[in-house]
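First, one chain by itself: the form predicted on its own, in structure tokens.
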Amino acid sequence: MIKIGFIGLGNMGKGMSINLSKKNLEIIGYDINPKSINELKNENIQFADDIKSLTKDTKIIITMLPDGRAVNTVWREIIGLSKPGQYLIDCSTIDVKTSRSVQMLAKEKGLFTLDAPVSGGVIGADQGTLTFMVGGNSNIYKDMKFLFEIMGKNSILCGEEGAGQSAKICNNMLLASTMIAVGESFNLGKNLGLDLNKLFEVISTSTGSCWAVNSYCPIKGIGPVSPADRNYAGGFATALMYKDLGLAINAAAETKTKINCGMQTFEKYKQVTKNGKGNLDFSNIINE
């Protein structure tokens, strides 16, 4: 049985690790937050006391961490403890520079690495329908593709190391901007006296169709169940989307790319986060 270490068992890592544990895989989890571990105590998952023991006992290690600083710290610790031939896969969303840096360091130690950030949110993590945007060597990707097929419905090799992070930054900038536009469209429809269920039927089957409407509609009681039906609790936090947009802003500056709409979107999420609503799902942006 393949032993897989999973570091970072929060909103996203929880569902991903559970789906892996349902297959013929031995999952060893680790998180610095006892609450995250406690929520998985009834699942078929073992837990390590520290990163050292997890690294020693596993062939493959997956990380799902909040930012580049955390990834840099954890990966450097893993690399210092690892053996040549182990696989490291980072599913966090971080800056391209850090992703490439830690992967190059790992390769010097004889480790096999991929950056594989995801799209699909907590719902996708729980249901095993995520899309993985992967960066790295094609042979390593082929070796690890079976894991992506368990945790998601799509995986796309986007290029060499860091390419997955690059694709994710572009995707999230578009998603964040789209969510604002979806909210404005439904607000206008409401003020025009439209039945919002009918408006959903129109948009979801016509040229306005998009994931932010079809799978994650930000209006309570409209479309499939989404964080809007839970008063925007859970889901993908506004503060995390703000963080991801910051990555896009920095990447645009480095590459001298004009992103006027992206800049406006960044400022909007910044405002909401600074106003103390960063813990709410990012679709709550439509209420601001």
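Start at 1 with the first residue shown and count on from there. Because the structure is predicted, anything quoted here is derived from the model rather than measured.
Only in words, not in the display: the form predicted together with nicotinamide-adenine-dinucleotide, which the text now covers.
Between 257-265, 38-46, 228-236, 52-60, the stretch whose residues reach within 4.5 angstroms of nicotinamide-adenine-dinucleotide in the model of the complex through a non-hydrogen atom is 228-236.
Every member of the trio I7, V74 and S92 reaches nicotinamide-adenine-dinucleotide in the model of the complex with some non-hydrogen atom inside 4.5 Å. Among residues of the shown chain, N250 is not one whose heavy atoms approach nicotinamide-adenine-dinucleotide to within 4.5 Å in the model of the complex.
Contact check for I27: no non-hydrogen atom falls within 4.5 Å of nicotinamide-adenine-dinucleotide in the model of the complex.
Looking at V122, you'd find a heavy atom of it within 4.5 angstroms of nicotinamide-adenine-dinucleotide in the model of the complex. nicotinamide-adenine-dinucleotide is not drawn, but in the model of the complex it has a heavy atom within 4.5 Å of V118.
Taking nicotinamide-adenine-dinucleotide as positioned in the model of the complex, the residues of 12-38 that bring a heavy atom within 4.5 Å of it are, in sequence order, M12, G13, Y30, D31, I32, N33, S36.
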